[in-house]
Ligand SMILES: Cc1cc2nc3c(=O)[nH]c(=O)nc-3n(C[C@H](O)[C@H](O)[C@H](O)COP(=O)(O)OP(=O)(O)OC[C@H]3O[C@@H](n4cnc5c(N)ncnc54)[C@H](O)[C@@H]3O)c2cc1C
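Just the one chain here, the form predicted on its own, laid out as structure tokens.
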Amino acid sequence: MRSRADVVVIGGGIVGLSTAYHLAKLGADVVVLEKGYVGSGSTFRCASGIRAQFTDEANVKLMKYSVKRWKELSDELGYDVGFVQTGYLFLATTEDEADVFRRTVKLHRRLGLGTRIIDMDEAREIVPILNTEPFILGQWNPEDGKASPFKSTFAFLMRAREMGVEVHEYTPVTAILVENGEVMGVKAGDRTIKADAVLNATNAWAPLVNEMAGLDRELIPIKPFKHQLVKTEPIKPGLVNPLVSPPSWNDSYIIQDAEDGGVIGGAGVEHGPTYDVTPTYDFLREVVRWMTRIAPPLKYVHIIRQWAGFYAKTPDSNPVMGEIKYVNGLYIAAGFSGHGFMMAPGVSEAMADLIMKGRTKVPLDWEWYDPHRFERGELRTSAFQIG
């Protein structure tokens, strides 16, 4: 382990590793420290969905850019990230919800997305096993998609290492060294790494890391909430290509794995705050109920896996990104509230630019994601939290 770096990144999920890659592109010497194995926090536990279909301008702009970057990553990194544009289909069950969809489509169109309203005949063409009877209309964007959390994380890992980034697994940080309000480096066990900048990319653990720098744990409030998923045995490819969700049905959704054909199912059953990731029977019972209402043929398919992970949630379900003003050189990109995987390409490029150049061309609204907005009693419009 080197004793000096330009930037130390704490957290080896996809946000930390992709930021390390972009920092290396800008010429920085970078060390990544991960307390477990890479991807072991939220990244490897996500549902794989990627969408620009948010309901506010800041997240739409960021994700429009991130979708563009997802399309380029396999060629850029030299490793397949498994990205496919299979779309997202949201389903309205009431006229009030349909009106919300129509307003959202107007926002998307104004910002250059191809989202449109579709009827249930077209929805059934897109998802052959869909139960169309309960739904009024759909909100559809074919440019959304999914990628492999495993392939994409390792693509960033391998490319970053090829560029000279040191990545140390099972190496928890024990202290952030601060003198006169300036970051001086970090301690990891009995090793010290001097650094000009430190990035806290630990998501659910971010408040604990901030505390290591002498900050109050509640300064930037992020709480870990357990969310769960199930996966079925493989079914015929193409039966549930997009992520499909009727939000009013307890934020439930289904999406077919692009590689093995198993269907992943989720629902809005939340436990926490907690760092426990033990799957629960109440979730299994709830999610199966909704999955089989969305696509009735799934009642004949076996569930083969169930797991849990974290939504690292802020009070408004939007992430925090930027420099922490009380410690020069301490940066944060965390609290993604279930969206870190999909946002990673845009966020990591912007964070690397901010750390190295103080500015970025990425369309990221720093004020919207300001880490200190909660101190001021400000909340943003809550980010749309499905998939």
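All residue numbers refer to positions in the sequence shown, first residue = 1. All of these numbers come straight from a predicted model, not from anything done at the bench.
There is another form of the same protein, the form predicted in complex with the ligand; it is not shown, and what comes next is about it.
| said: Does the ligand, in the predicted complex, lie within 4.5 angstroms of each residue among Glu34, Asn203 and Met212, using heavy atoms as the measure? | reply: Affirmative, all three are within 4.5 Å.
| task | Check whether Gln256 has any heavy atom within 4.5 Å of a heavy atom of the ligand in the predicted complex, and answer yes or no. | result | Gln256: no contact with the ligand in the predicted complex.
| message | Taking the ligand as it sits in the predicted complex, is Tyr311 near enough to touch it, meaning that at least one heavy atom pair lies within 4.5 angstroms? | response | Yes, contact at 4.5 Å.
| message | I'd like to check something about Ala20: if you look in the predicted complex, is any of its heavy atoms closer than or equal to 4.5 Å to a heavy atom of the ligand? | response | Answer no; every heavy atom of Ala20 is more than 4.5 Å from the ligand in the predicted complex.
| Closest heavy atom of Thr360 to the ligand in the predicted complex, within 4.5 Å or not? | Thr360: no, not in contact with the ligand in the predicted complex.
| query | Considering the ligand in the predicted complex, which of Ile355, Met342, Ile332, Ala52 comes within 4.5 Å of it through any heavy atom? | reply | In short, Met342.
| query | Which residue among Ser252, Ser317, Thr171, Asn241 has a heavy atom within 4.5 angstroms of the ligand in the predicted complex? | reply | Checked against the cut-off, the match is Thr171.
| Answer range among 78-86, 194-202, 214-222, 116-124 for contact with the ligand, defined in the predicted complex as heavy atoms within 4.5 Å | It is 194-202 that comes within 4.5 Å of the partner.
| Neighbours of the ligand in the predicted complex among 1-33 [non-hydrogen atom within 4.5 angstroms] | Result: Ile10, Gly11, Gly12, Gly13, Ile14, Val15, Gly16, Leu33.
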